[in-house]
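Just one chain follows, in the form predicted on its own, and it is written as structure tokens.
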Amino acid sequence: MRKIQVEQIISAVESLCIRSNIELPQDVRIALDKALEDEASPLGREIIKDIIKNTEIAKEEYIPICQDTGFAVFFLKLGQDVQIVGGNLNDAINEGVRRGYTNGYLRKSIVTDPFLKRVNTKDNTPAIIHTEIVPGDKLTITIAPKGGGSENMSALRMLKPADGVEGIKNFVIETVDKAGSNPCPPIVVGVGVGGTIDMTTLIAKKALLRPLGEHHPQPEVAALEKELLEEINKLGIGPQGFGGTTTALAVNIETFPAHIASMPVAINIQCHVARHMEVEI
């Protein structure tokens, strides 16, 4: 049994919180560079240039790419041969967030009592923590800060099995079209199909972690990803909603077995600042 001290986890999470809000993932930068080459609108190209310049300034000056430094969302893979010592795992994650958002001078956006007093917690806690037990003696921590503007444009629909692929396509296109400029396009569209109401929303969010340009291993699903991306980019919303041929950088679909009576579909939209970072302990 391998032991991991909570202080090691706290330190790793603090660093992840700061770095993920400052350093754009390489796959997203590559997707933006490609979008700049492909964008047909002159204004759209100028906006993408500004987006890229903004990410470069953030890295050079070590400041957040976006003022909305997001809800701290974590995906943990905890090896079954790991023992956490010196404290509680979830408490360690939250303490790392507390230190990261305070010491990194990141905006604190989380409020208590969502429909009552809405008082700011002042340290961006609590975090959202999803933990999966896996073989091995390692702990993998992935952070995906999620801004309010893009999260607000996400959606869930309990489709009937008879709605089929066309039902999924119509729902995705309708949701992106309705979102318009609100999620700061060009966006990344995560789609979850199957499972229960909680599982489909979870896999839609996890779909955002897949490297942009990497498609689902099942050919039929990969083909649907490509078709949806093409159709979304025909909507004309364009970079930051000013029109153009680049409304989305990618559509990533994840699936899970479903009940014979249902076909839930969730859409989790991410802005062009598609932040995610991972560390293994």
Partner chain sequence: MAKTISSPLTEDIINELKSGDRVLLNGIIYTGRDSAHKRLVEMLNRNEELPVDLKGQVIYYVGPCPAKPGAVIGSAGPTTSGRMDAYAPILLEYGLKGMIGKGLRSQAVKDSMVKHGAVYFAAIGGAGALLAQCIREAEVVAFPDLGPEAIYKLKVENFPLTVVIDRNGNDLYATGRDKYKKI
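Positions refer to the first chain, counted from 1. The structure presented is a predicted model; accordingly, all values stated were derived computationally and were not measured.
This protein has a second form, the form predicted together with the partner chain, left out of what is shown; the following refers to that one.
Report task. With the partner chain left out of view, choose which of Ala223, Leu36, Ile30, Leu43 has a non-hydrogen atom within 4.5 angstroms of it in the model of the complex. Result -> Looking at the other structure, the residue within range turns out to be Leu43.
Requested in this report: Work out which of Ile168, Leu208, Ala127, Cys184 lies within 4.5 Å of the partner chain in the model of the complex, going by heavy atoms.
Outcome: Of Ile168, Leu208, Ala127, Cys184, the residue with a heavy atom within 4.5 Å of the partner chain in the model of the complex is Cys184.
Requested in this report: May I ask whether Arg19, Thr131 and Leu202 all come within 4.5 angstroms of the partner chain in the model of the complex, judged by heavy atoms?
Outcome: Heavy-atom distance to the partner chain in the model of the complex: none of the three under 4.5 Å.
Query raised in the report: If you check in the model of the complex, is Gly194 within 4.5 Å of the partner chain, heavy atoms only?
Result: The answer is no: Gly194 has no heavy atom within 4.5 Å of the partner chain.
Query - Distance check, Ile253 to the partner chain in the model of the complex, heavy atom within 4.5 Å - result: Ile253: no, not in contact with the partner chain in the model of the complex.
Requested in this report: Would you check, heavy atoms only and a 4.5 Å threshold, whether Glu214 touches the partner chain in the model of the complex?
Outcome: Glu214 lies outside the contact set for the partner chain.
Query raised in the report: Taking heavy atoms and a 4.5 Å cut-off, does Cys66 contact the partner chain in the model of the complex?
Result: Output for Cys66 is yes: heavy atoms within 4.5 Å of the partner chain.
Requested in this report: From the candidate stretches 160 to 168, 137 to 145, 76 to 84, 99 to 107, select the single one in contact with the partner chain in the model of the complex, where contact means a heavy atom within 4.5 Å.
Outcome: Flagged stretch: 99 to 107.
**Report entry** Any residue of 50 to 87 that, in the model of the complex, places a heavy atom within 4.5 Å of the partner chain
**Finding:** In sequence order, Asp50, Ile51, Lys53, Asn54, Ile57, Ala58, Glu61, Tyr62, Ile63, Pro64, Ile65, Cys66, Gln67, Thr69 come within 4.5 Å of the partner.
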